[in-house]
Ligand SMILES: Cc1cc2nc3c(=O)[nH]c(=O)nc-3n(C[C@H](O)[C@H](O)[C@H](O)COP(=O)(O)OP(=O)(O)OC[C@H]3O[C@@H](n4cnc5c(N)ncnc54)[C@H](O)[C@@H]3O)c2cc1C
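Just one chain follows, in the form predicted alone, and it is written as structure tokens.
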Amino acid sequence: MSKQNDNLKPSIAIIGGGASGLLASIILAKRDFKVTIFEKNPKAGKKLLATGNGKCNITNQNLGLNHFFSSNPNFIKYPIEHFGYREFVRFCEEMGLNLVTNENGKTYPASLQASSVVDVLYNEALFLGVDFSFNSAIENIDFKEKAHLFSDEKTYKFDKVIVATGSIAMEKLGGSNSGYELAKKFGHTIIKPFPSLVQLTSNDKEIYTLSGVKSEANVTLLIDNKPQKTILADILFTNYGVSGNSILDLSREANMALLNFQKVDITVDIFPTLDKNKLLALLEKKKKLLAGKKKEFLLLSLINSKLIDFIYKKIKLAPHKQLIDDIDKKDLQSITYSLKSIKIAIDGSKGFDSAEVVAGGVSVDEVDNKTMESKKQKGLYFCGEVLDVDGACGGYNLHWAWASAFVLASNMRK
């Protein structure tokens, strides 16, 4: 392709070389746009490399709309329906990116390395002629006859601009509020961001003694003492509160309630497969079998050893009751209840630096969901996490990045 013909192509600037920026660049380049990605980091996909503990949970086979959240949920429908799981898998296969899906629908690169995803996307973009400008933070945009981008006293001119900057989650990996600030220059409303998929903190110091204990459990979120949602997944007790997949899935609702000054607690059932009657019967049987032994042996093989002393303190077992024989029926009932309902007060989260994603962002009411074009400024587009859309744990946030970038790049007019 001659340089002269190259200059005749519509020029597109993409601010952000993450998941949505890379996918949009590939589709636009295939459609014969001249694409340049401006990335403030020294390389593309820095945040993507850390996704899924480095394995990159790239999407999910179960893409129900109930796994996505926004102040306007109707906005999400078109992108997800037009670039679903099958369409994404086909897109990856065409680039030579092989995927594997587990029994829960979570999908990863076959290598189980996030670097494989970044390498394939980046090299596909290069192969198609996408230009990259690294260590380039765009500080301002101005629309005159063309879009003018300003960075480090340099000015660039393009026909159209895509803001794919992500959110303020994980600043150490490049997260920032730059996309929000750019959007505000054109009158866009920013739905107040807050951390999601993040560990929760507690001022209940008794919980700190369980630091390191991990268990599969039914974890229920309570707001103003009313049960809201129960997740069956792992929970990890820490020296600041709680973590684990169950907590990440509940963190969005918990943080939203805390922002509204509501009381937030969780209850933890570490015997999710046994109801109270069956668990009580099991303890009664053990009491008979282990008569004469120390009280610790009642629970020793059932739960983590750190939990034993915690449970006995929780039920305020009398100090003189040192043997299993001393534990009466009422004590057994209290133990059963505590094992099925450990209550923990939640007072906050680990914040944006630890959050995998952020809820809130550019108001989707001011963006066309078929083209992702701003309703405030012609030629300005948004995709990915900078928008007020987030998803549950399990690859849904990344799929939003892919789907929003796909409809944007596929439907952009020349």
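Numbers follow the displayed sequence, beginning with 1. Keep in mind the model is a prediction, meaning the values are calculated, not measured.
There is another form of this protein, the form predicted in complex with the named molecule, and it is not shown here; the text below is about that form.
- Proximity to the named molecule in the predicted complex, defined as a heavy atom within 4.5 Å, holds among G129, G174, P272, G84 only for G174.
- For the residues T51, S374, S349, S70, the 4.5 Å heavy atom test against the named molecule in the predicted complex is passed only by T51.
- L121 falls outside the set of residues with a heavy atom inside 4.5 Å of the named molecule in the predicted complex.
- Residue contact check for K40: one or more of its heavy atoms lie within 4.5 Å of the named molecule in the predicted complex.
- Put simply, A359 is far from the named molecule in the predicted complex: not one heavy atom of it is within 4.5 Å.
- A137 belongs to the set of residues with a heavy atom inside 4.5 Å of the named molecule in the predicted complex.
- You can rule out all but one of 163-171, 305-313, 97-105, 337-345: in the predicted complex, only 163-171 has residues with a heavy atom within 4.5 Å of the named molecule.
- In sequence order, I15, G16, G17, G18, A19, S20, G21 are the residues of 9-28 having a heavy atom within 4.5 Å of the named molecule in the predicted complex; the partner itself is omitted from this view.
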